[in-house]
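Single chain ahead, written as structure tokens, the form predicted alone.
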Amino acid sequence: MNAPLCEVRELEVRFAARRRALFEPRRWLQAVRGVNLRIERGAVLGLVGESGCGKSTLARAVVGLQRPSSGSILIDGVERASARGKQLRELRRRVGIVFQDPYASLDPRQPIREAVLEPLSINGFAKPRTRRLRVLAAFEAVGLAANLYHRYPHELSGGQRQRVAIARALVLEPELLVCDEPTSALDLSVRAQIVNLLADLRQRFGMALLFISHDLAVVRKLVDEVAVMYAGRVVEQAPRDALFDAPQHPYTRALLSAIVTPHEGERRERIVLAGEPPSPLDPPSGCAFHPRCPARADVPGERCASELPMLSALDARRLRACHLDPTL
């Protein structure tokens, strides 16, 4: 069996919290807790969940911008953390990222042409003429006109800036593109353009995507498979249609019930969750979702409060971490 393009194994990312008193014991903020993911070549995996659930931290770890506390990230079977020298440079080239805010991710003092050229210079791509041709090809791929090449980020619209950010990621011809909320800072019409662009680029270049978003309507349009995160853990993972048509985790059901749809027959009964997501500094015992879970009463005993549910298979392609009887 061939190795996936990207595999995340038991990934943990934690940060030391600031001490509130001089002799207070060290506390740790658990941003990502035991996550396992596989991204196949050419596939699009969507990662969804509320703000603060660990999606962006996971994305930064996959790209190499955040060092894991434990666990491993493999790119085509190669452990990222142990790669050095030429092998590490090659891994960096094969994985690109598009950030949430295109204005913040671009240098305001740098013309956009130079912003896209810079990754080629850093990675030692040969002749200046070859670099220029690749920059022009990247601009053309994302639909930016030639008369924009010498402009600065503040002279562009939000959609144009995000196209520049995508061109910068594409110029190294990555095999995996990590998109961290790439449409959330854009208005509705521009958002649709960027989603269509990403879908087109995937088809043209055969890239795999890790697409992170809280916009479930966008996720449904673009991805092949969806992983749902809550409090640093994946609580459900399934093919797109299976998950949207028949969610199996109470948290997933609550998320999907909030989708606004123009088709009255598709509207689900709204599930309003009580309380707030738990603090990653002090997560609850057992299932982190149990204080807010509307289905907790259907689980006998106090398993939800005392026992952490493991991510396990419900069928050949669906995973769920919940004590609830699957038939309910």
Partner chain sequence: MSAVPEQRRSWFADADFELALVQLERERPQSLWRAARERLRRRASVRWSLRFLIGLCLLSFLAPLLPLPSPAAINLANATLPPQLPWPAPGALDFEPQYWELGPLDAQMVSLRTSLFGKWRTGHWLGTDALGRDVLARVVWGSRTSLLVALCAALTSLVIGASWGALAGLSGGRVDNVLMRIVDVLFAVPTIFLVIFLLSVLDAPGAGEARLSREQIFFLVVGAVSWLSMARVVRGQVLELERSAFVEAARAAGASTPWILTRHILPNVLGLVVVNLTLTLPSVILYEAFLSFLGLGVEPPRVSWGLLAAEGAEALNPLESYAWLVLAPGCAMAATLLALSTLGDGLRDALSVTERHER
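Residue numbers count along the first chain shown, from 1. This is a predicted model, so every value here is computed, not measured.
Another form, the form predicted together with its partner chain, is not on view; read the next lines as being about it.
- Heavy atoms within 4.5 Å of its partner chain in the model of the complex map, among the stretches 230-238, 246-254, 212-220, 92-100, onto 92-100 alone.
- Exactly one listed residue, out of Ile73, Leu198, Leu186, Ala138, brings a non-hydrogen atom to within 4.5 Å of its partner chain in the model of the complex: Ala138.
- Taking a 4.5 Å heavy atom cutoff to its partner chain in the model of the complex, the contact residue among Glu181, Asp224, Glu79, Glu173 is Glu173.
- Taken together, the three residues Ser279, Arg292 and Leu308 all stay farther than 4.5 Å from its partner chain in the model of the complex, as judged by their closest heavy atom.
- Contact annotation: Gln203 falls outside 4.5 Å of its partner chain in the model of the complex, judged by heavy atom distances.
- Residue contact with its partner chain in the model of the complex: Arg161 places a heavy atom within 4.5 Å of it.
- When contacts are judged by a 4.5 Å heavy atom cut-off, Arg191 does not count as touching its partner chain in the model of the complex.
- Using a 4.5 Å cutoff between non-hydrogen atoms, Leu133 counts as a contact of its partner chain in the model of the complex.
- Using a 4.5 Å cut-off on any heavy atom, the residues of 89-121 that reach its partner chain in the model of the complex are, in sequence order, Glu90, Arg92, Arg93, Arg94, Ile97, Phe99, Tyr103, Ala104, Ser105, Leu106, Asp107, Pro108, Arg109, Gln110, Arg113, Glu118, Pro119, Ser121.
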